[in-house]
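Okay, here we've got a single chain as structure tokens, the form predicted on its own, with questions on binding and movement later.
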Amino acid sequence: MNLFDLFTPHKKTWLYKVNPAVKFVLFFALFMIVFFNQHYQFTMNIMIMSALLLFLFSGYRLKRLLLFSIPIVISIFSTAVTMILFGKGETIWWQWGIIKISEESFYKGLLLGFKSASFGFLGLVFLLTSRPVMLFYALMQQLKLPAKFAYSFMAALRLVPIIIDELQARSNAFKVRGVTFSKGIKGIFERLRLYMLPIFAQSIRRAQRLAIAMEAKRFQIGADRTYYYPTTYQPIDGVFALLLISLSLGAYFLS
């Protein structure tokens, strides 16, 4: 299974029909609310809401979603446990050496863990239900992002599979030629020299050709352009906005 198959959904749900610019604005606003919030119960409710959106409406199989959730679980564990065991507080529950669990550190640890999970689940929902190309087209048409920046980002995304193919080709070439690497740190530097330097040089050449091509197509003048994929606001965008606002208010009142 290659990288693109990994991020291909089993089925496309209604979330895929929502304008990516609308999702971006609403999720960014929710990110800010969670970031500045200091109430752990509200953050926990947002985490549950985000997890439900991911597991019920992303269109991916459960096994793959669990695979995607592994970094989120690691983030929850690392941030929450570190704060709980080593945070400051006055009401001490248990102490052994430098490890000190207090009431304040416990609730702060829960807050940080829930925030990490909320960020992770919301980010996955947005990532897995938004096509990058349509996102940039929506940003250009609905949020008026300059075309030179949007097309630059899209071109950069197109270069990622090319770089992956180059890495695979160089790896196969080294195997055919019987190239072996030293063990330890020396082997790491040998791989960096034989892999990264040629790919870095090729990337610079591609970036230069891309800049010349964009200049030839007059992206630098900032004039209005036509779009191959027109994006508009649809009723499903309003439904999604009302749903997200309702769930957020419900999370607030339940806390």
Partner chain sequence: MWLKNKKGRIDLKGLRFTDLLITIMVGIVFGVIMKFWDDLYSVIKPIMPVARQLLYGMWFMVGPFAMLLIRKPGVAIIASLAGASLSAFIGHGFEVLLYGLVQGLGAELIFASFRYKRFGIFVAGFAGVASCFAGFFLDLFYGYAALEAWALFVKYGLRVISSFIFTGIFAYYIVRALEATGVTNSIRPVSKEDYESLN
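Quick caveat: nothing in here was measured; it's all calculated off a predicted structure. Positions refer to the first chain, counted from 1. We call the rigid core whatever largest set of C-alpha positions still superposes within 1.5 Å between the two forms.
Another form, the form predicted in complex with its partner chain, is not on view; read the next lines as being about it.
Among residues of the shown chain, residue 176 is not one whose heavy atoms approach its partner chain to within 4.5 Å in the predicted bound form. When its partner chain is considered in the predicted bound form, residue 137 lies well away from it, no heavy atom lying within 4.5 Å.
Interface residue remark: residue 142 is not counted as part of the site for its partner chain in the predicted bound form, having no heavy atom within 4.5 Å. Residue contact check for residue 126: one or more of its heavy atoms lie within 4.5 Å of its partner chain in the predicted bound form. Of the listed positions (181, 149, 77, 93), a single one reaches within 4.5 angstroms of its partner chain by any non-hydrogen atom in the predicted bound form, namely 149. Among 56, 70, 62, 197, the residue placing a heavy atom within 4.5 Å of its partner chain in the predicted bound form is 197. Just one listed stretch, out of 225 to 233, 28 to 36, 47 to 55, 62 to 70, contacts its partner chain in the predicted bound form at the 4.5 Å heavy atom level, and that stretch is 28 to 36. For the marked spot (119, 204 and 211), a heavy atom within 4.5 Å of its partner chain in the predicted bound form is present in each of the three residues. If you take 148 to 174 and check each residue for a heavy atom within 4.5 Å of its partner chain in the predicted bound form, you get 148, 149, 152, 153, 155, 156, 157, 159, 160, 163, 164, 167, in sequence order. Superposition on the rigid core between this form and the one not shown places the CA atom of residue 187 2 Å or more away from its counterpart. Fitting the two forms on the rigid core leaves the C-alpha of residue 103 displaced by under 2 angstroms between this form and the one not shown. Once the rigid core is overlaid between this form and the one not shown, residue 206 counts among the residues whose Cα shifts by 2 Å or more.
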